[in-house]
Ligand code: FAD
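Given as C-alpha cells, the chain that follows is alone and in the form predicted alone.
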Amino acid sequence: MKIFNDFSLKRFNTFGLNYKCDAFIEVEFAEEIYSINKMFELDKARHLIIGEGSNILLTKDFEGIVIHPVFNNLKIKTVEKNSVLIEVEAGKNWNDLVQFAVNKNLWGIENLISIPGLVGAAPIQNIGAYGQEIKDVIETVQFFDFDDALFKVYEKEKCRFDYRSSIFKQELKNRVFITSIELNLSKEPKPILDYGNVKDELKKAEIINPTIEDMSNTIAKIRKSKLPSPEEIGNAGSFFKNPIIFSSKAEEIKKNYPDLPIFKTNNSYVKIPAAWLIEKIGYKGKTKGNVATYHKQPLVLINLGNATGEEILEFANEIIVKVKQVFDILLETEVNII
C-alpha cells in the first residue's frame, strides 16, 4: 500500500475539482484492505472509496481517508459450451474490460463500451447503457466488510440490483470495499439493437447482422457524438437518473407534450428520459457562471473551467426544482454528492 497525506483529488474526479483529502491510500493488493481497516478503523473513520472519480461530485475538501484500488488482474475461471466465466479485480479499467470481451468475442457487455470508471464501481451503480446492465451478466461480487472485518461473496440475487442501484449503494453504502466481480459472458451472439439510435447507425453503415465489434464500435461512436470527454471538458456523464413514473402520469403529460418518449418497464410504470425533461424546461446548453448543461446532451453538467462543486450542485438543484414545477417529477441524481 501507499499512503499520501493532505492529497489533492483533482486527478481523481472527472469534474476536475481541486479538493483535498486528509489521507489517500493506494491499495495494491486486495488482501491489504484487511490491514488498512485495522490500522485506520474504517468502520468508524470517515472514508471514501474512489476509482476514477467518474460518478462523484466533490463539494468541499474531504476530511477523512480516500481509498483507491490499483489491483487489476483478470482471469478466465471456467469455459462452458456457450459461456465463459471471468473474474476481474476492482482496479481494472472498465473500458479495458469491455475491449477484452469484444476481442474474445464474448457477448454481454459490448453495449457498455466507453463508460468511464473502474470495475469495482460497476456493481454499486449497476451501470447500464443501450439496453444492457451489469446485473444481466454478473454472477458474484467479492468484497471486504469494514464492520465485520471479513471478506465476503454475494451471489447476484443477494446484491439487490435495481435501476442504477444495488445493496452496495443502499444498505451497505460506505461499509464495503469491493475487491472483484465474476461475469458470465456468452459465446453466442446476442446483439441488443432496440435502444437509442443503434439500429439507425447500423443501417447507415449497411450492417445487417452486426458482429460484437460492430456493436461496440457503433455505440462508442454514438457516445462520442453525444458526450464530452472528461479529459477535454470536466463532467461526470449523466448527472440525473431517468425517472420511472406511473404509466397514467406519463399519459397525462403526453396530452400536453405529444412528443414525450416513453419506455415501458412493466404494466404500471414507464421510464422517461431526464434529458427530454431538461430540454423542455429550456436548459439544454444553458450556462450559469462556470457551469452549463452540455449542448448536445442536457443530462450532462459540465465544468466550464473554474467551477466549484458548490456551483455545480446549485445548478443541478435549480434544474431539479424547475422540472418539479413544470412536470411534477422529482429528478434524482445519478452522481454521488460528496
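Start at 1 with the first residue shown and count on from there. This one's a predicted model, so the numbers in the text were calculated from it and none came from an experiment.
Below, we refer to the form predicted in complex with this ligand, which is not included among the displayed structures.
**Q** 97-105, 234-242, 200-208, 79-87: which one contacts this ligand in the predicted bound form at 4.5 Å, heavy atom to heavy atom?
**A** Among the listed stretches, the partner-contacting one is 234-242.
**Q** Of Gln125, Asn184, Ser216, Thr140, which residue is found within 4.5 angstroms of this ligand in the predicted bound form when only non-hydrogen atoms are counted?
**A** Result of the distance check: Gln125.
**Q** Which one, Thr308, Asn37, Thr293, Ser54, lies within 4.5 Å of this ligand in the predicted bound form by heavy atoms?
**A** Going through each option in turn, the one that passes is Ser54.
**Q** Are any of the heavy atoms in Ala30 no more than 4.5 Å from a heavy atom of this ligand in the predicted bound form?
**A** No - in the predicted bound form, heavy atoms of Ala30 and this ligand never come within 4.5 Å of each other.
**Q** Hey, in the predicted bound form, is Phe177 touching this ligand, heavy atoms inside 4.5 Å?
**A** Yes.
**Q** Taking any heavy atom pair closer than or equal to 4.5 Å as contact, tell me whether Ser8 reaches this ligand in the predicted bound form.
**A** Ser8: no, not in contact with this ligand in the predicted bound form.
**Q** Even though the partner isn't displayed, in the predicted bound form is Arg223 close enough to this ligand, meaning a heavy atom within 4.5 Å?
**A** Arg223 belongs to the contact set for this ligand.
**Q** Is any part of 112-133 within 4.5 angstroms of this ligand in the predicted bound form by a non-hydrogen atom, and which residues would that be?
**A** Going through 112-133 in order - heavy atoms within 4.5 Å of this ligand in the predicted bound form - the hits are Ile115, Pro116, Gly117, Leu118, Gly120, Ala121, Ala122, Ile124, Gln125, Ile127, Gly128, Ala129.
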